[in-house]
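Next up: just one chain, as structure tokens, the form predicted alone.
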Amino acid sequence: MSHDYKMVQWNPFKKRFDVWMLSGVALYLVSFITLTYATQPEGNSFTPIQAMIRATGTLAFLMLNFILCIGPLARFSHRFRPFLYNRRHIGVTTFLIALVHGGLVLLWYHGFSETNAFVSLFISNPRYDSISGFPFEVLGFIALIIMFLMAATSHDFWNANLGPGIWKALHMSVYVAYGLLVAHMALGALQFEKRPIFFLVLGTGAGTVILLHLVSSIASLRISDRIGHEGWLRVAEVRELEDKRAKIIRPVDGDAIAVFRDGDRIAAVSNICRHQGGPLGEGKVVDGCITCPWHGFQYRMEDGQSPPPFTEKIATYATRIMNGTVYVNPKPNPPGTPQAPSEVGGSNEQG
């Protein structure tokens, strides 16, 4: 720990992940273009640029769907944690693919007139009052701008200068971009596609994202059975808490609380990492320190402080064990306040 601690960087695991991801991107593009030409009706003219436009557009949409599913899936199964750790790389790659898609669209459909391509994009189709003829390209362009801002500020430099709150608010705009892309694809398919497969893919993707987020939210908000003694919240029975992991409690008021077990020690801290607002409760305890699953930032269980020389601090919460059940006080201590963990079978456990 101490001076040897480093947050997760571009390590061999991430490099292998990137190789697999880029290989998958190449395989998808080649397969899509090959199948596009193989299934074209006789007499249809289709250029390589048009095939690449569709390939990159559908791939960017599918990858964004997957990005938005990573969080809920990681809460249900630890098997999806590697994707959570590498979500930044997937996001930047998705933006670059979308950028290629947008660039090819501008070149092919708006780049051969005397009017500036960007101006042409906004004035070539003024049918904003029509559903079937709506200028869907504009929606895609706005979504691309949002994705650019997210990709450009993904580095830690921007998190440090903007602050975790503003940085996270900016990156939550991914849901705005996603809504725009769903409309972009739906309105575009209405104008040019007769085959139902595109609508099926679009509906399945959007439906999966919405369903996973709803199920995840409902599961996390079930607190009616957690009201315990003297206003403390019931967490779980001791035997139900997985060692080195946490159970996340969400009070009616206030921030989410991560209740960790490390052997016979049980402690509660804020679920929000000070680095980029990552979900600490989805991480684990490493060498006695709570480790954020996003970028490896760590905090001591007993006081919510990062090990020296780091200075980040998070709120701590009082815990207690009564009749084998863990409870947490929903009132937070100031960030960095020492709070002794509860000991399983210790003197602070109440019968």
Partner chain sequence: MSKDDFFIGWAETPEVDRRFMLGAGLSIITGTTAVGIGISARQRPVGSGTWNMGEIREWRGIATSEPYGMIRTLDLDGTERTALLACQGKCGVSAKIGALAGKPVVVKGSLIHRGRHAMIAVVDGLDWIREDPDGSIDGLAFPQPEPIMDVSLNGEIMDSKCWFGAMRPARGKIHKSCASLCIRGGLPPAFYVRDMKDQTALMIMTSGGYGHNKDLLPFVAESVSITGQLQRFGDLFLLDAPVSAITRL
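C-alpha atoms forming the largest set that superposes within 1.5 Å between two forms make up the rigid core. Numbering follows the first chain given and starts at 1. Note that this is a predicted model, so its numbers are computed, not measured.
This next part talks about the form predicted in complex with its partner chain, which is not shown.
Trainee: Its partner chain is absent from this chain, but in the predicted bound form, do 35, 78 and 293 each have a non-hydrogen atom within 4.5 Å of it?
Mentor: Per the other structure, all of 35, 78 and 293 touch its partner chain.
Trainee: Exactly one stretch in 249-257, 171-179, 130-138, 262-270 has heavy atoms within 4.5 Å of its partner chain in the predicted bound form; which is it?
Mentor: Selected range: 130-138.
Trainee: Does its partner chain get within 4.5 angstroms of any non-hydrogen atom of residue 311 in the predicted bound form?
Mentor: Contact with its partner chain, no.
Trainee: Spell out, yes or no, whether the shortest heavy atom distance between residue 325 and its partner chain in the predicted bound form is within 4.5 Å.
Mentor: Result no; residue 325 lies far from its partner chain in the predicted bound form.
Trainee: Residue 320 near its partner chain in the predicted bound form, any heavy atom under 4.5 Å?
Mentor: It does not: once its partner chain is placed as it appears in the predicted bound form, residue 320 has no heavy atom within 4.5 Å of it.
Trainee: Answer with yes or no whether residue 16 is in contact with its partner chain in the predicted bound form, where contact means some heavy atom within 4.5 Å.
Mentor: Although its partner chain is absent here, residue 16 would touch it in the predicted bound form, with heavy atoms inside 4.5 Å.
Trainee: Find the only residue in 217, 153, 125, 208 having a heavy atom within 4.5 Å of its partner chain in the predicted bound form.
Mentor: Partner contact (heavy atom, 4.5 Å) among the options: 125.
Trainee: In the predicted bound form, which residues of 190-208 put a heavy atom within 4.5 Å of its partner chain?
Mentor: Contacting residues: 191, 192, 193, 195, 197, 198, 201.
Trainee: Kindly check if the Cα atom of residue 130 is displaced 2 angstroms or more between the shown form and the other one relative to the superposed rigid core.
Mentor: Yes: residue 130 shifts by at least 2 Å between the shown form and the other one.
Trainee: If I superpose the two forms on their rigid core, does the C-alpha of residue 284 end up displaced by 2 Å or more between the shown form and the other one?
Mentor: Residue 284: C-alpha displaced by 2 Å or more between the shown form and the other one.
Trainee: Does superposing the core leave residue 189 with a CA shift of 2 Å or more between the shown form and the other one?
Mentor: It does, since the residue 189 C-alpha is displaced 2 Å or more between the shown form and the other one after the core fit.
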